[in-house]
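Quick heads-up: it's one chain on its own, the form predicted alone, in structure tokens.
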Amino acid sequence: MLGLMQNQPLLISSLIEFAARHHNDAQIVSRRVEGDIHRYTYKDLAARSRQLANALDGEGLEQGERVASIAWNGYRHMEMYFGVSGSGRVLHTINPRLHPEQVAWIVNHAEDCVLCFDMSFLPIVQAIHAKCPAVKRWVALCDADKLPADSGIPGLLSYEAWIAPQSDRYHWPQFDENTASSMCYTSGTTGNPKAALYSHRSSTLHAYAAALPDVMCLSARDSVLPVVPMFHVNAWGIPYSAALTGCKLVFPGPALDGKSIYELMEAEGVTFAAGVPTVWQMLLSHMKPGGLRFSTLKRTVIGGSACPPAMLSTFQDEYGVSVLHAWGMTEMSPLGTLCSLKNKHLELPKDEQMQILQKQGRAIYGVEMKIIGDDGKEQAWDGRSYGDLLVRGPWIVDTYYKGTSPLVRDEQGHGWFPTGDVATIDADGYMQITDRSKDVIKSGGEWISSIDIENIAMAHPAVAMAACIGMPHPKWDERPIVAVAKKPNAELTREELLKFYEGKTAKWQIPDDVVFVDAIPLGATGKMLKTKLREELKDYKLPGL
């Protein structure tokens, strides 16, 4: 027997119409590429999203055709989130930090029909437009008078001129909630990138989950600054959760330095911010010398890569800002776990609470996870047994766009996505990433966590960033070394840092050497590129060998 409830599809268009009706005057603030601050409301956002949908209809785009963006976090990009997907097309957000050749490959692989870009990225578009024959409309996200006299791009339109003639009335189409809504390509550190193709259902469910109290805890009382880019995994779903909750949104645009982020936070009363550790490192480095404080910021979610415990402690102890440690992947829309305490933990001593908060956290409802050993058997949730982390759920990829399914099947035939992470899970369900499977260091048959080695180095006041990799050893198979980028004007020797490890980890896990580098190589999403670091150190030999 079926239930007798109304059957309404979960569609992204319903989010923006809800926001326009129930939070119509809530503000959306954007620092534009032009440098000024733009303000409008959810009511304005909905109206302009409808204009965009009408413009896409005018281009003759069919349902399911792809519309690409190469843009910063801002109101026009937000309009694409709803106008493109809501009208039944697929929004394809492109990472501008990729090489132009890779961008061109992605545009062609996705078969994008329209590409909209911020003027900051005009050089990328100039480099690729002749190589992307499927794109029939190039649109610059700017006013008509900001278009260059000769861009070299035939038929280039300004976004404002494109949507201005269109009506702000639009009947959002109704369709199956499993219809594709948006797509995002992985960073492609090995081989060509692969695309996760999200659906209206997966994105809407993810928006609900992200707003839950034990996740991001978003509400209409918040002023939210997503520093995490809208071109990467839908800014962790924040644009959708923002429309769902009616929170104030503050977009940083292209100004991502510590000073600009801090000033925007203070000016707009930001209570919640989201970003990767490298961004928050710049913010803290700006604040500390001047003795600056946060007047409104209460919490921040940090993901993309592991948050160093020293950073977590700095936010919480020195600035009174709660840190929500998060973990996820492009293939997971991206949220998988968030770390918050349970009721029974509230009476624990502070140092014991910190031990919990340093973990990646508990699975969000909708995400199942398990760890398996080399034999394929599930490992115990005891906080000690480690294994390969597998996940499944309604917003986790089943098959890559134009590709194969990455899933592995269990004995019951259930498909699980192999994350490539090695992790432990404790009895309370708190998951902790101990390494990437390709970065595990095995020394003399024992296992060393590169993340633990990095976290200890990051706690040293002279260290800006650290990366641990394994080096071949004739007796032990591998031994760890740590590559370190020092803070500006900081003094630190190899011997001082190695001594800093004493008492913080087992003697046999202390790195054999410290290599000082100008910078740790980072990927397009701010993650450390250990593959590139290994390449840079290919001629390195361990001391004494």
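Keep in mind that what you see is a predicted model, and the values were worked out from it rather than measured. Just count from 1 along the sequence shown to find any residue number.
A second form of this protein, the form predicted together with a small molecule, is not displayed here; the remarks below concern that form.
From the list Gly304, Pro96, Gly88, Pro252, which entry has a heavy atom within 4.5 Å of the small molecule in the model of the complex? Going through each option in turn, the one that passes is Gly304.
Could you work out which of Gln281, Gln102, Thr271, Thr330 is the residue within 4.5 angstroms of the small molecule in the model of the complex, going by heavy atoms? It is Thr330 that has a heavy atom within 4.5 Å of the partner.
Is Arg436 close to the small molecule in the model of the complex, meaning a heavy atom pair under 4.5 Å apart or at it? Because a heavy atom of Arg436 falls inside 4.5 Å of the small molecule in the model of the complex, the answer is yes.
Considering only heavy atoms, tell me if Ser241 and the small molecule come within 4.5 Å of each other in the model of the complex. No, Ser241 is distant from the partner.
Heavy atom to heavy atom, is Arg76 within 4.5 Å of the small molecule in the model of the complex? Flag for Arg76 set to no.
Applying a 4.5 Å heavy atom distance criterion, does His325 contact the small molecule in the model of the complex? Result yes; His325 sits at the interface with the small molecule in the model of the complex.
The small molecule isn't shown here, but in the model of the complex, which of 413 to 421, 202 to 210, 365 to 373, 168 to 176 has heavy atoms within 4.5 Å of it? Flagged stretch: 413 to 421.
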